[in-house]
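Two versions of one and the same chain are coming, encoded as structure tokens; call them structure 1 and structure 2.
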Structure 1
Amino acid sequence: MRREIPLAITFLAGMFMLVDFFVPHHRVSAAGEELKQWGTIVIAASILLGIGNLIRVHSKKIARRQSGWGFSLVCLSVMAVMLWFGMWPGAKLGPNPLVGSIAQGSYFNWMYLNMDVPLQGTMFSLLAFFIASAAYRAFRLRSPEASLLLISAIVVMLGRVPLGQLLTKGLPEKATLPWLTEAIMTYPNMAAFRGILMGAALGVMAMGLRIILGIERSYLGGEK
């Protein structure tokens, strides 16, 4: 029973959503609408799961004094402070509360804009450096395919910025880098990605079918 009920729920939820797609009957739509609202609530809980997991991993690290437990402490403390700012229920003090609110001007919002935003932004901007280094040390014309790839890449890299426009200024329009770039994007790039899109769609559909029919059960976890 520990497997049959979830599989039955999966089947029913899935089949209903399929019917909802093809049948516009108002009773189906009305039920479908409420079901979709349920979906958002349950999915919200699955996000809570991830955050709970994070707390568990870091508290374990601190409890066992594993290497780097100090960093775990930093992580959990800042989290607690920010949660207090953002969710403290007793703090609806005035028209613009600084605590217990997520609105603009609150402490919570300040922490987000001045800590989360720069940290996230900077983390990914590191990649510009790494790409430059890899461009020099690893991107090679090692085969005809790789060569074709790099040539197309170089055209696009130059043609997509104002510099490319400047470099081929005065040439006939259809020989300029911006035109070539747009042509690459609109024709071969479009065609190849359309092929990939269709193939990927089939993969997703096959997976969906297996899940709804209960052939695919790996998401339920290992034990019987």
Structure 2
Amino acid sequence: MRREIPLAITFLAGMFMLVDFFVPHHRVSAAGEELKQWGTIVIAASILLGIGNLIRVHSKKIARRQSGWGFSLVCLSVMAVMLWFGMWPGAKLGPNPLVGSIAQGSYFNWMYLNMDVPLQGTMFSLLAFFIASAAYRAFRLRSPEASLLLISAIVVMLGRVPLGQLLTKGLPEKATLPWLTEAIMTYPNMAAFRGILMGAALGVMAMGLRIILGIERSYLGGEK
């Protein structure tokens, strides 16, 4: 019964949402909206579960002095500080315009802008090196397809900067790098992009049907 009940709830909820999509009846729509609100509440509750799991995992790591436990200590300390200033108990400690708010000028807003945002920027800047490494491996001349990809990438990169316009200045319009870049981005690139989107949509539909029909059960904790 530990598996049958969640599977039955998943099947009924999924089938009802399918009915709500295909049957334009006001009672079905009202029930569907109610079910969606339940889903929103469940998602909000999952945030609390995530916080609890984060505390549990890092607390164990600190208690056992595992590798990197110092980072876990920093993580929990910063989270506690953010929670304290974001959820200031004004009823007990008195109202304070600088805490218990995310308004501009509050402590929470200052920490977000001066600590969280720079850290996010640092993480994204590191991605540039990984992208450059991946591009080097992908653009090497190993096959005709790789050669085509390399040529297209060079044309697009040069066509996006003023140097590309300068190199092909004086040539017919359809021979300039900006025009070729726009043609590549509009036709082959857009066709590939839409193909990927269609494939992803079909994958989502297939996974949804597998979950509704009980074929996919990994969300229950495996097949055991």
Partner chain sequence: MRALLPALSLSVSVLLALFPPAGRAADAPLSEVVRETAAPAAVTGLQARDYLDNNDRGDKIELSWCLSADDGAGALSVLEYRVWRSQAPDEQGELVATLEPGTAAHVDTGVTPGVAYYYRVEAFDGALSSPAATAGPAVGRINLFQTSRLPVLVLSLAFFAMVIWFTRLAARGTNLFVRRIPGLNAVEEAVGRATEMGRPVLYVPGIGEIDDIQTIASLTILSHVAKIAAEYETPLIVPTARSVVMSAAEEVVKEAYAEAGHPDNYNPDNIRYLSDAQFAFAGAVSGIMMRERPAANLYLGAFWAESLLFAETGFETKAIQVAGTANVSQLPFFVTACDYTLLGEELYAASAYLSREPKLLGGLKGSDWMKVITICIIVAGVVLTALGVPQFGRWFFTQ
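Under this definition, the rigid core comprises the largest set of C-alpha atoms superposing within 1.5 Å between the forms. Numbers given to residues start at 1 and step along the sequence of structure 1. Predicted model, so just to flag it, every value in this text is computed and none were measured.
Participant: Identify which of the two structures, 1 or 2, is the form predicted in complex with the partner chain.
Facilitator: The chain shown first - structure 1 - is the form that fits the description.
Participant: At a 2 Å cut-off on C-alpha positions, does Q120 qualify as shifted between structure 1 and structure 2 after fitting the rigid core?
Facilitator: Comparing forms between structure 1 and structure 2, the Q120 CA shifts below 2 Å.
Participant: Is the C-alpha displacement of M15 equal to or greater than 2 Å between structure 1 and structure 2 once the rigid core has been superposed?
Facilitator: It does not reach a 2 Å shift.
Participant: Superposing on the rigid core, is the Cα displacement of L83 between structure 1 and structure 2 2 Å or more?
Facilitator: For L83, whose C-alpha is compared between structure 1 and structure 2 after core superposition, the shift is less than 2 Å.
Participant: If you line up the core, how far does the Cα of A135 move between structure 1 and structure 2, in Å?
Facilitator: After core superposition, the C-alpha of A135 moves 5.8 Å between structure 1 and structure 2.
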